[in-house]
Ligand SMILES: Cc1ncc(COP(=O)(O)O)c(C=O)c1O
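Below sits a lone chain in C-alpha cells, taken as the form predicted alone.
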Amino acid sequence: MTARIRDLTDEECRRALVLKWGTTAAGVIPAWVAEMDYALAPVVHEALARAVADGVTGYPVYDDQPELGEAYAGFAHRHFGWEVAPHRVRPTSDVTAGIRVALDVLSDPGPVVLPVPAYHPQLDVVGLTGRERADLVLDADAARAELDLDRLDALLAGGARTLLLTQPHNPWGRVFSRAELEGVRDVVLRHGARVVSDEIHAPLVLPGAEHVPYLSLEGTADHAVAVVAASKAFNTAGLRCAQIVTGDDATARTLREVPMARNDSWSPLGEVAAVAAYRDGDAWLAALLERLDGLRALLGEQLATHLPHVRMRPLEATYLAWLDVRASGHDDPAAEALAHGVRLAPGHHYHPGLAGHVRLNLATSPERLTEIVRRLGAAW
C-alpha cells in the first residue's frame, strides 16, 4: 500500500516545498516545519489540475458551500464515527485564522488557557484577540503529556473563559482519550467556559490510538467548535482552506453572520483540494499512515542505536516527534543539529524558555530519516 506514497527527490522538494526546503541551505536536511516530502495525492493533484484548467482562480463563494460541508461530514463519519451536519461546516483560510475568528466572535472576554508546549502560532494568536494567555504547562518529565484538570479548574475559576485545546497534540504527539476529554468537558461545563478544539492532525492518528472529536462528546455542542483541515494530512497548507465545525445551529448561524472582513481570504482552489481529499482520498491516506507508522518505528530504532540518551515521547499521532535531548547537555540542540547538517524546530519555539528539546519531522524517505539520525548522533 505504501507504494501510493511517492518520495520527492531533493530537487523536487526544493521546487515544491518553498519554505521547508527552499529556505534551508544546500547540504542541510530540513526536518523542521510540518510539511511532508511526498508528492501530492493523485486525487488532489487531478482535481487541482482540472480546476486550474477551468480557470478557478477568482474569489470563493462566501455563502454556504454545501459540497465542502458534505465532503467533510462524510470523512468525519467514516474516520471518526462523528455525525456532522454539513451546514455547520464553515470555511476559513487556515486553522490559526479559524481559531482567531472563534475567539473573537464566540468567546467571552478573559484569559485563554493554552496547554504548552504549543504550536508556536498559538502562542501569539491569543494576544491578537486582546486576551491574556494562561499557560497550562505539561510536565516535561512525565512519560506522557497529561492535561492537569485541577490546574485547568483553577485557571477557569480565576477568570479564564476559553480553553484552546490541540488534539491530537502538537508537538507532543498525544491523542487524548475519551475519558480525558470527558474530564475536560466536565471542568469546562462547571465554569460555563468555552472550548476551541484544534483538530488539524486528526486524520494523522497512527495505529494503536483513536481520535475522539471533542464535539462528538455529549454535552459539548453549545460551548465548543472544532477547527479542522485536510492540509496537514494531504500537504496542501499553501492552498488556504480550513474549516470551523460547530455543534449547534445557533453557533453556526453566528459564524455565518460574521462580516467578510473578519473571516475571508480562503481559496477556491483550497476548497477544491479539500473536497477531493475528504471525498476521494481515503486510500492514499491509509497508505500514508502505513508509511508514517513504519517511519515511527524506524526513528525509534535509530535513536536507540545511535542516541540512546535521547527520549522520544510516545508518538500516537502526527509525523512530528518531540525529543528530549537534555541528557546530551545541550541547551539548544537544534543549533547543534544545524551545525551538523539537520534543521530541526527548537523546543523553545513551542515553550518559551524550555531548553534541551526539539521537534523532528519524520515525514520523509526512510533513507533521509536514517541519515538525519546519523548526523544527529554526531551532533549530540
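Numbering starts at 1 and follows the sequence shown. If you're wondering where the values come from, they're calculated on a predicted model, not measured in any experiment.
Just so it is clear, the following notes concern the form predicted in complex with the ligand, a form of the same protein that is not shown.
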* Structure fact -> From K232, H211, R291, R131: within 4.5 Å of the ligand in the predicted bound form by heavy atoms is K232
* Just one of T96, Q302, T220, T251 has a heavy atom within 4.5 Å of the ligand in the predicted bound form. Which one? -> T96
* Partner-facing stretch of 198-206, 302-310, 138-146, 280-288, counted where any non-hydrogen atom is within 4.5 angstroms of the ligand in the predicted bound form -> 198-206
* Does the ligand get within 4.5 angstroms of any non-hydrogen atom of S107 in the predicted bound form? -> no
* To do: May I ask you to state whether A34 is within 4.5 Å of the ligand in the predicted bound form, using heavy atom distances?
  => yes
* Asked: Does T246 reach the ligand in the predicted bound form, with heavy atoms at most 4.5 Å apart?
  -> no
* Using 4.5 Å between non-hydrogen atoms, is W82 touching the ligand in the predicted bound form? -> no
* Asked: Quick one: which residues from 98-131 get a non-hydrogen atom within 4.5 Å of the ligand in the predicted bound form?
  -> Y119, Q122
